[in-house]
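We give structure tokens for two forms of one protein chain below, kept apart as structure 1 and structure 2.
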Structure 1
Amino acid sequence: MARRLMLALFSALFVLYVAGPVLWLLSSSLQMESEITAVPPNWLPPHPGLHNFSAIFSAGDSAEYVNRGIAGFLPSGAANLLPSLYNSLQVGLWVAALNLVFSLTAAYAIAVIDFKGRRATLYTVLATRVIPDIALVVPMFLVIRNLGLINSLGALVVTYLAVTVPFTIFILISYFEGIPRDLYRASRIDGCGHWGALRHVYLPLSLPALVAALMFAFLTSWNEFLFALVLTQNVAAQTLPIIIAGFVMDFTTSFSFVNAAGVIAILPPVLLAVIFQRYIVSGLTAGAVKG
């Protein structure tokens, strides 16, 4: 009994540790600036409202924001928040789609086709992710500049593909190797080539791994900050993390506005994770246990 109580206590503390910042973000996004900065803090909104979100979507000037009685102001660049949200969606969707195209064929070849240097190819692909991103900033900047893609969404798509493709290949290889080899042999006997076997055998059976790979690519591009900061100096091409980070670089920070922007930023990935949770878990754990 004591063991169960201790386990429940530590589980509750862990959940509070993980979920606490998110709950505070949600609570503070519904409060006025004076309520957020009150001492002691208001853990629950005394007068909850959507005024911060309406300010985001209207993106009026600072004077209008003060006159609403919120005792806050709109940061400089507030009007760029929604366009940056659209940029992040574009980049994330393109990276996820292209990731699937490139990773599928590579994973199929490594997992199914017997060719010389098969394992060496896999290890070479995975070795590219051993290098920390900070060490790749300057080389990637030079490559993107030579391609003429600086200050464009294409620069982010190309860069994020280089970052995410190796890991999505690894996810798909683990799942492909778990599919019975007899199904592949049967498809070959029935006259399927490699494209036919991939299309009719491996794709239908690999939905969890495909969803996990898509989610990983999308979330990585959605949350990435370092490359986006270096490769996009033009506001029109910047993504959501860069714009939100700029809000706290002003002389005075409006916590109510920043927290409301944070809630908007986490909604798309959270909704996708909730919808595809079952596929994500099974896809990421594929190949973990064999025997």
Structure 2
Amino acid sequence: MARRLMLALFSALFVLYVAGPVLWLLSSSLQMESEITAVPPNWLPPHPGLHNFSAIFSAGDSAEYVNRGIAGFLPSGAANLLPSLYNSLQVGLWVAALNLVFSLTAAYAIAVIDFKGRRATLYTVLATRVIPDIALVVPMFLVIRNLGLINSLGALVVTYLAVTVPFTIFILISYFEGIPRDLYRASRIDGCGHWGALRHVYLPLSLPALVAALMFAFLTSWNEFLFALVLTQNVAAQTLPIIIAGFVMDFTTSFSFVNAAGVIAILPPVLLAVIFQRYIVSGLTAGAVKG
């Protein structure tokens, strides 16, 4: 009995701590500006509505926003939110797709083939992840600038590819090593080359790890801020976090609007995380037990 009570208490604390802040953000995003600036605050929206969200999706037409009598200031960058959402989506999908192809082939080679320089390759790949982003961002800016690629989505995609690939290779290697070697031998005896073994044995058997890799690559690019901040300058390539950071640092922006933008940015990663929870957890913790 005491145990059950303790567990119930811990569960409540846990939910409050983990979900509380996000629920508060969500509650604020469903309130009008006059409602969220009430003291003491409204814990739940008195008149919940999607007005902040519709304001974001019709931000090109700010007159309409004012006319509907919603007290609050629409930030000057509000119209950039939708294009940046699209940019984020594009970059995320490209990174996920390219990441999959690149890390799949490399992980296969490192895990399965016994070739000259195998260890050196593995260590090179892992070592690049030890360099702090903030240390890379200064030279990256200069390199990209000299190439004239500041403000291009392509530069972001290549950068994120380098950021995500070491970890996905690591996930896939630990997964590949768990696939029975006999299957590989059998496929080779049946006349498959390495390409055939990869396609007919490893690819179909490692679906969970591939999903984890895809999710990880997409979420990392969707959430990334520092490189995007430095490598993009206008709405042609700015991603969602950059636009939102601009709102937050602009003191005139209404909080109801910022909170709604935050909810929009949080939704895709959280939905993906919930749907693919099992794969993500097994991917993230791959290799943790081996120590």
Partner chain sequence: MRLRLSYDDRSAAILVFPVLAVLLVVAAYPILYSFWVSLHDIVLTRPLRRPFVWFENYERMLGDARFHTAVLRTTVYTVVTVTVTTVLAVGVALFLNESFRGNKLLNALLLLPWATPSIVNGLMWKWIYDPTYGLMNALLVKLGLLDSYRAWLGDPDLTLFLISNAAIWKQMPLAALLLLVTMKAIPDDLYRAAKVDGATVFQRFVHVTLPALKPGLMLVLVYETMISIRHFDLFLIMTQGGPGDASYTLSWLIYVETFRSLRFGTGAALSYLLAMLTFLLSWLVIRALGERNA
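Here, a residue number simply tells you its place in the sequence of structure 1, counted from 1. Between two forms, the rigid core is defined as the largest C-alpha subset superposing within 1.5 Å. Values in this document were obtained by computation on a predicted structure and should not be read as measured data.
Enquirer: Specify the structure that is the form predicted together with its partner chain; exactly one of the two qualifies.
Expert: It is structure 2; that copy is the form predicted together with its partner chain.
Enquirer: Once both forms sit on the same core, give the Cα displacement of Ala8 between the two structures in angstrom.
Expert: Once the two forms are fitted on their core, the shift reads 3.2 Å.
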